[in-house]
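A single chain comes next, written as structure tokens; it is the form predicted on its own.
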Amino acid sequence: MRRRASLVLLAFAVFFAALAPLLRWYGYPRLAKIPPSEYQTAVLEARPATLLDYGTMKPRTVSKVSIVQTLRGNVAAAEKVGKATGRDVVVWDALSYVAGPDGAMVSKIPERYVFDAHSQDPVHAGGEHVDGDAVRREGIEYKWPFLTEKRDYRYFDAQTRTSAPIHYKGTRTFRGLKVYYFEQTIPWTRVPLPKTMPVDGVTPETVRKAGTSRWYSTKRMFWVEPTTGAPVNGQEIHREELRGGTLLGDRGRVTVFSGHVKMREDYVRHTVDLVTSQRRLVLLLTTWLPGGFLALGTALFALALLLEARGRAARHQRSVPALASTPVPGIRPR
């Protein structure tokens, strides 16, 4: 009976020991992915900020500038691209909407970002663009890969339409979470004018005809939770200028926007709570279940060996004949 039980335990031990690496290295890469219907909104603010008054073409200090970033999963487009490429694909239709202190629109730039749902690698299909201009992304944007590594990545900058390194700067603690801190600095670069301008009658074409160009520089900072690859906080020290041309009169350049952009506190709290819950799901697939199955398999294997050893000892004891209690010759029992 003990031998049969030890064989059953040994079979379960082998099963759980084999299931641990199978879940980690086969199941996790297929189960961990971004859903195609993802919808996110974040509000960032610069308090105070410098903003161009297009009526007077002079910069002025304002109490705040708000940036509303929206990411909306386009399920129909993702299914179409997925059929064409044979991959699990996510299509995000994004919008960055900048508003002044009175709520009036300063600029708005739409994007389409197409990427692999598992690895976050860009997929060059489905009409990826920035403000209607076709682009071919390299590296990441908005989100880091699951199980982010302590290294530099290439990060896509929507203003310049190019990718550049974003540098790992160390491990920190943010709101109780271990995070990786990344920085990217974009030097002053000439960039396209937004297709939607904040003043009626002023278009990118009229600005270009006046010989005026738009320039941009930023220092970008992210605090990334490494298990999920999701940023829990983001900031930018952002500057934009108009340079040259008859539009500015005798001035060589004017500030369009300047400010330290930070995520609003209520959105920071919401993001931390959301990422904390998602982190548990990823850890369940990568650490907790594989580790638990491996420990259970080891314990069952040890128990099977113990039962087998006890069974063998019992069988050996039954096979030895009992000794008779006969007195030894020459010795008188008392």
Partner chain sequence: MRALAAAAIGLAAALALVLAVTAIGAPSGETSPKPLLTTVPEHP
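Quantities reported herein were computed from a predicted structural model and do not represent experimental measurements. Residue numbers count along the first chain shown, from 1.
Unshown form predicted together with the partner chain; subsequent notes refer to it.
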Would 15, 22 and 73 all count as contacting the partner chain in the predicted complex, using a 4.5 Å heavy atom cut-off? yes
If contact means any heavy atom within 4.5 Å, which of 73-81, 142-150, 245-253, 178-186 contacts the partner chain in the predicted complex? 73-81
Do residue 266 and the partner chain come within 4.5 Å of each other in the predicted complex, heavy atoms counted? yes
Examine residue 99 and determine whether its closest non-hydrogen atom to the partner chain in the predicted complex is within 4.5 angstroms. yes
Going by a heavy atom distance of 4.5 Å, is residue 133 a contact of the partner chain in the predicted complex? no
Quick one: does residue 276 come within 4.5 Å of the partner chain in the predicted complex, counting heavy atoms only? no
So which of 290, 36, 59, 297 reaches within 4.5 angstroms of the partner chain in the predicted complex, heavy atom to heavy atom? 36
What residues in 27-63 sit within 4.5 Å of the partner chain in the predicted complex, counting heavy atoms only? 27, 30, 31, 33, 36, 37, 39, 41, 43
